[in-house]
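The chain below stands alone and is given as structure tokens, in the form predicted alone.
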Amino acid sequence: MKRFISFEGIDGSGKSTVSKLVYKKLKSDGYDVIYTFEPTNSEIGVQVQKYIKEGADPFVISFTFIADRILHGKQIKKWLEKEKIVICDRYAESTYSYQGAQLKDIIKRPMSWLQDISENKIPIPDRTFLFIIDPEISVSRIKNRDYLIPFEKVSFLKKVQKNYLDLSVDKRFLKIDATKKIEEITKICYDDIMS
């Protein structure tokens, strides 16, 4: 059974919906499970959200995200030491993919640079579900949100998804066709966690 599970994918891919459903199913089945997310609702995490909405400098967003994650990672480690299952909606790969796309024309090899900063500072998930969807479909799913952040544009999300795919070579990644029915995806994720 996997105990630290992250859900990744571009905006509108359905990962938040499915991660919550998986969490509820685990909880109803009697497991000691934590649901968490990034950016967190800590003081630093709230600052991350503010910087994103303001379209702040990509370096500022990147470093704030990483600071939030290092603190979050310490909390995740404590939960895991208490033998809880941890479900996380967005984690390190979000920063590598999104901020990697932001920094693409500013520094060389931005994703590697971001990974190097985080190396040995955060726990690594047992499984990362990567939700794959055409960015045009994902944007059509979120167009009625009260507020769209600057990242939620098709052209940008295409770059982000390419980064996700470039990152997902490790065996801990399981790619999910995010156009499948939510119930089907939830079952795929739940069964994989249990195996």
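The numbering used is simple: start at 1 and walk along the sequence shown. Quick caveat: nothing in here was measured; it's all calculated off a predicted structure.
This protein has a second form, the form predicted in complex with a small molecule, left out of what is shown; the following refers to that one.
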*Quick one: find which of 104-112, 91-99, 120-128, 74-82 has residues within 4.5 Å of the small molecule in the predicted complex by heavy atom distance.*
91-99
*Quick one: of Phe63, Tyr51, Phe151, Tyr31, which gets a non-hydrogen atom within 4.5 angstroms of the small molecule in the predicted complex?*
Phe151
_Quick check on Pro39: any heavy atom within 4.5 Å of the small molecule in the predicted complex?_
yes
